[in-house]
Structures are given as C-alpha cells and as structure tokens.
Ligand SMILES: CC(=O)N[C@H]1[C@@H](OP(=O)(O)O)O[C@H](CO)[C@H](O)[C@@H]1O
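Form predicted alone, single chain, as structure tokens, below.
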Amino acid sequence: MENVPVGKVSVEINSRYGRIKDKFMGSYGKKPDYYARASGRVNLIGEHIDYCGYSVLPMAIEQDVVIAVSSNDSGRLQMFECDINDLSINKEKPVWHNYFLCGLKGLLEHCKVTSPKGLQCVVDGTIPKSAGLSSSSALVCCAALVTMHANGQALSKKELSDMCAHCERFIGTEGGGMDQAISFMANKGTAKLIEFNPLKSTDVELPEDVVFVISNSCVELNKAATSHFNIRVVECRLASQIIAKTKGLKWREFKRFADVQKALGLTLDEAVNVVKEILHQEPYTKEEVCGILEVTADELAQTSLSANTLDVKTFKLHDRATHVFSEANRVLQFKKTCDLKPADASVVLGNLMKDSHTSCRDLYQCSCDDLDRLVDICCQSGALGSRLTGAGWGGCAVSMVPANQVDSFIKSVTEKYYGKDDRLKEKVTENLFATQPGGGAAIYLE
C-alpha cells in the first residue's frame, strides 16, 4: 500500500514556506525539522452520503494546511502548552486546536506510542474556515502526519485515512471518511471517486472545457458546535433500521442505508420506491420510532442515537432516505458521464449538480437562505451547475463554469453577491476563486 510521500521544498523559492519558517524561528529560535501539508477539498457531488456507506466524488483543492515542526524529548506540545501524555479534548467547547489534538491523540493511540516525542509547531492555513471545504479535517490529517513522522511511524495513505476518520470523533463529529480519504489519496489534476468498506479511490477525469469555481456564502457553521450534522446521521440510521425491520432483517445489525440496500438486493431506484412504500412523509416522533422498533427510549439511545441527539423529539426519515438514495445515484451518473465523455457531458454534469442542490435544500434541509441565493446567482452568472458543498447550513457553493467564461462569471458573482454587502466587499478574493484539482498530503524537508 502506498505511503505518504516525503519531498523537498525550497523556502527561498516558495515564499509561503519561507514565511512559515520565519514565524517558526521567531517563536522557537531555530529552524523547523520538516513541514507537513494536507489539502482542503471540494465535494463535487455526493453530499451527506459517505456516512451512509455510499461513494462520493470530491477533489482536493490547492488551499491547504501546512504545519512547521520540530520534535524533542520534552513530551509536551508547545504550540500551546499541554502534556502530550495527558491530552484533553473538550467536546462541549470546540476550538480550532482541538482538531490538532484529534490527529495527535488518534495517531498515538493507533500506533500504541508509549513515549511520544514533544512537538514545537506553527500552523498556517489558506482554507476558508467553517466554509465546507474541510479545513478542520485537513488540520486533523496534517496533525496526524506530523505526529507519525516525529515518532518514526510509517502508515499507508489508506490506514491514515481510516484512522483520521475515526479520531475526528474525539471532537464529537460523526462523519463518514470522505474528507480524510481525499486529503491523503488525491492525485493532482483529477477528482476521485471514493468508495468505502473497503476504502478505495479511483481517478475521475473531469471535462477539459470547464473550471470549478468556489464561492463562500460567508455564513459559518461549526459542525462540532451544533447538532444539525449528527441529527442527520441519526435520522439516516433510524430510517435504515426501520426499513430493515419492516423487511424482516435483523435491524440491530444495520446502521447504514448501503448495507440495507445490499441485504435486500435493491437497485438505488428500487430503494427510493421502498422508501415511499415504508416511510411516511410526516416527521416521526421518538415514541413512534420506539414502537416500530419495539424498544424503550433507553434502548433506542443505546442502539441508534448519539450523545448530542438524545433530546431530539422528531425525525424526518422519508425525506432524508430519499435524498441519500437519489444522491448516491447521481454520483454514479456523474462518474459514468466523466468516463464516457459524451458531447454534452458538461451539460449533463451541470444538471446533476443542480438536482443535488435541490435535494440538499428541500429533502435534507442542509442549506440556508444565503447559500440558496448564492447558488441562484451562480447559475444566473453562467454556471452550468452549482450546488452547496460540504456539510451545508452555510459555507460554500461549487460551480462548474465554461473555461472561457470564468472571468465574466467571477465579475458577475462579485457584483451580485459580495458587492451588495460592505462587509464582504473587502474579502472577495479569498472567498471567490477558481481552483484546480490538488495533490494529497505530504511531508516536506528543506
């Protein structure tokens, strides 16, 4: 299995690494031993389905997290003072450095490191925060990479991806593994189809006549600080269990739609029809769910709920299930179109992106008014397709734009969205940009 590459960087030529080095020397009075880098990502299609067991189609972006590092025998993390042997991650008060601690703690536990090296670190990031571009997961992955290298461990990209997906749960987020997989497995110049169980990545060549443009709604949501994300995870879990029980399966053995679909031998289209057959459109009360599954409220908490969803009273199961099955189908159609390269490929892909946003907005209810307005403006400005990307409830839209219209597109979106708000005018360049498929995580030496 392929390991994370170790390359060379010239801080004299690369001004950004030079600035990071200068900051490190200013903080610690010496040069860093090495640098670790992990990219952000934009999910082109396949939203909120990775934790349901379905494939997604992201690409890494050029924006990234870089950490300059020096190791020692102090046993302390000097980025902010703490004992590496006694780490505490507070789920109740999420702060950015907790994501670093997730990667650090996860790697040490995974590799059973008993005498961890002390670390002096400087962190630098160019990924807009709380924007749905995986800034938090990039920090987790980068911190794990730092810790692995400092302690003389060697894990494959796949093992690192799996480990980082698991250890991000230290902060209370129950994601599915897409962000970590693309951060480690990306190849420059291509998107990736990421499959799960087992984890597998396949290069996807995007049309040459389009460019992907990211636009930030500037509405921020911290996934770990709210229960929106985990409520959706739980709703999908409950819907899969109710379908399983209704169809005579041992429902306690199921938590994901993909496993139920496979056990029942259904196509994705057939699965959508099963949702219509079994689940009603009105929200389910907790009491109703308990009645269907024949469990007490306490048993439901143990088998299906998460810590920050214990007080949720109702669950929208029909719409969440319909979104997941139809979105999983759109991912397969997107890849097939990229592979076959029909004459109207860009139009087909654009329509799939539009349908994805409609489903996220109406069925999964993970958009917001500002983001919907931004997506509409992007489509009016010439995008072939535009959709929210990332967890949602704010964050970014990704738009597929004809390559020869990128400048006019950016000008139009600038005027119609950012130009209407004095607070946003000054930050257009960092919130509206074209991006190319970036490469995966790496270690760099001078």
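Since we're looking at a predicted model, the values are computed, not measured. Sequential numbering from 1, following the sequence displayed.
The protein also exists as the form predicted in complex with this ligand; that form is not presented, and the subsequent description refers to it.
Counting ligand atoms within 2.4 Å of backbone or C-beta atoms, the overlay of this ligand from its pose in the predicted bound form onto the shown chain yields zero, and the pocket is open. Taken together, the three residues 62, 440 and 444 lack any non-hydrogen atom within 4.5 angstroms of this ligand in the predicted bound form.
Between this ligand and the residues 215, 183, 147, 134, the one pair within 4.5 Å by heavy atoms in the predicted bound form involves 134. For the options 401, 391, 68, 57, the residue carrying a heavy atom within 4.5 angstroms of this ligand in the predicted bound form is 391. The closest heavy atom approach of residue 173 to this ligand in the predicted bound form falls within 4.5 Å.
Using a 4.5 angstroms threshold between heavy atoms, residue 51 counts as touching this ligand in the predicted bound form. Shown alone here, residue 229 lies within 4.5 Å of this ligand in the predicted bound form, counting heavy atoms only. In the predicted bound form, none of the heavy atoms of residue 235 sits within 4.5 Å of a heavy atom of this ligand. Heavy atoms within 4.5 Å of this ligand in the predicted bound form are found in one stretch of 299-307, 165-173, 106-114, 238-246, which is 165-173.
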